[in-house]
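As a starting point, one isolated chain is supplied in structure tokens, in the form predicted on its own.
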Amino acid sequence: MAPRFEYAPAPESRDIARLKPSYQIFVDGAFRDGSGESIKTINPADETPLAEVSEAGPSDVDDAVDSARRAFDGVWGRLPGRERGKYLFRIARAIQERARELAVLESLDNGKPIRESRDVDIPLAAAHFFYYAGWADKLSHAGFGAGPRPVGVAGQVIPWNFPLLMASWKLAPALACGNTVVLKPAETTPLSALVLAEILAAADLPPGVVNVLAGGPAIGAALVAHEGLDKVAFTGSTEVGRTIQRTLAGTGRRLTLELGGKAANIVFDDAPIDQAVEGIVNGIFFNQGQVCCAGSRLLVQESVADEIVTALQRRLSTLRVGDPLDKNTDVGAINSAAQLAKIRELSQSGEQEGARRWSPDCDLPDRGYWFAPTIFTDVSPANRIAREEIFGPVLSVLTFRTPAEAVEKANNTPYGLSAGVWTEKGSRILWMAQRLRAGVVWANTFNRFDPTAPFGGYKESGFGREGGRHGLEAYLDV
């Protein structure tokens, strides 16, 4: 038996986040108190308050949209692409310069391990601004016709699982194309978006080009329904996406939706077992499984199912669950009490419907929102845990015998955001990718993102694409 090495604590200092006692909304290039209530944002790892956040009210939504319209009709709308690109480059460099601070802040506010915020979220946020800065003066060469024009004022509503990355994901292409924006971060994770507003102000972005409104679902609803918008972009739950689509139906305003997922991670019998196990772990336990494209359904070829499950259980026994600011931590805290309750309820339904539940021995902290990495075997495609998005560190294992059966089971879902295929045969990967109804298909990897690659789904996972050249189209009048 291999020796087990213990890890000494390696915590990152929370002082690096430079938390302020209070944060304000950002409208027309200035910070101000919102007309809504002030709330305290909570550290999900220990349930302690982090900071007081002034939330927007309906009048602030009106002011923000009006400010964005003035900026679009004024200086920003007339600015050449080359000049817009300079602002984006400046923002990207500022994110890099404050990367350590932003990583700690994100882990405090969200609960994700510092390794992930430091190595994934923040570098990718900067990369999106760098990438779209390069497109700003080349839009006529993007394949959408000569002289494409910006859409106008965009309302963008982002989720809590990747707060800064999702803000960058949406802001960068919109600004590169010449649009102005009103951004609404999630109510449980507003801090990094408000610090991003500080970066925008320091970059001398003209007033009104980007406005940031902290607030709950009511403010998000007021924003997407505002008649002053030309475009709405939303990332979040399928249920809310349906509501937004009904709200905008017949208005002529553009809409892109990136919604839920129930991705299939498909492992064939010729796949490299150790590599596949690492990909499975990354696919479902990255960010505590709070990822719309998480590989929450593992489809394993029947002949290697026992071997894969045994290796997976062995690997899970080495995962370290705990303090998100500890650099050794693999699995951090669930973002909120409400999300934890949902994960628990769906996991209980798995046991009630006959699936076998397994978790490694795991000492969870006494305070905070925690859930141990969990595997369900003997799962039926009819079980709730195989059909519904859990959005937590819970993996459902199913088996298949033939590639055709794997495709059928993988597509047996109302979602269509992502999938993964593990095999040594390139021809099989291409055969599977042609038949899987998913916006992204990873081959012998999972959860790999790049600003140059488009991302988006089919069916109840939404429509439209973000990232890459394709991500420009939603913000151009073509």
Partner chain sequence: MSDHEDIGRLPVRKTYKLYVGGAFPRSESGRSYPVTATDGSLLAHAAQASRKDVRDAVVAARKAVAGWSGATAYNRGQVLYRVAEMLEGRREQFASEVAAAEGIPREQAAKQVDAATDRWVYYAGWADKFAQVAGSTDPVAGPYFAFSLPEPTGVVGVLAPQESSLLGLVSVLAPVLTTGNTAVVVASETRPLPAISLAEVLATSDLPGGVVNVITGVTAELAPWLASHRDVNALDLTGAAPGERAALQRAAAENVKRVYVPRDLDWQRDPGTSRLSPFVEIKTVWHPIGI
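Positions refer to the first chain, counted from 1. In this text, all values refer to a predicted model and were calculated from it rather than measured experimentally.
Another form, the form predicted in complex with the partner chain, is not on view; read the next lines as being about it.
The chain is drawn here without the partner chain; in the predicted complex, the stretch among 24 to 32, 54 to 62, 38 to 46, 427 to 435 whose residues come within 4.5 Å of it by any heavy atom is 427 to 435. Relative to the partner chain in the predicted complex, residues K342, E351 and W370 are all farther than 4.5 Å at every heavy atom. Proximity of V75 to the partner chain in the predicted complex falls outside the 4.5 Å heavy atom cutoff. Put simply, A249 is close to the partner chain in the predicted complex: some heavy atom of it is within 4.5 Å. By the criterion of a heavy atom within 4.5 Å, L50 is excluded from the residues contacting the partner chain in the predicted complex. Among heavy atoms of R149, none comes within 4.5 Å of the partner chain in the predicted complex. In the predicted complex, the residues of 464 to 478 lying within 4.5 Å of the partner chain by at least one heavy atom are, in order, R465, R469, H470, E473, D477, V478.
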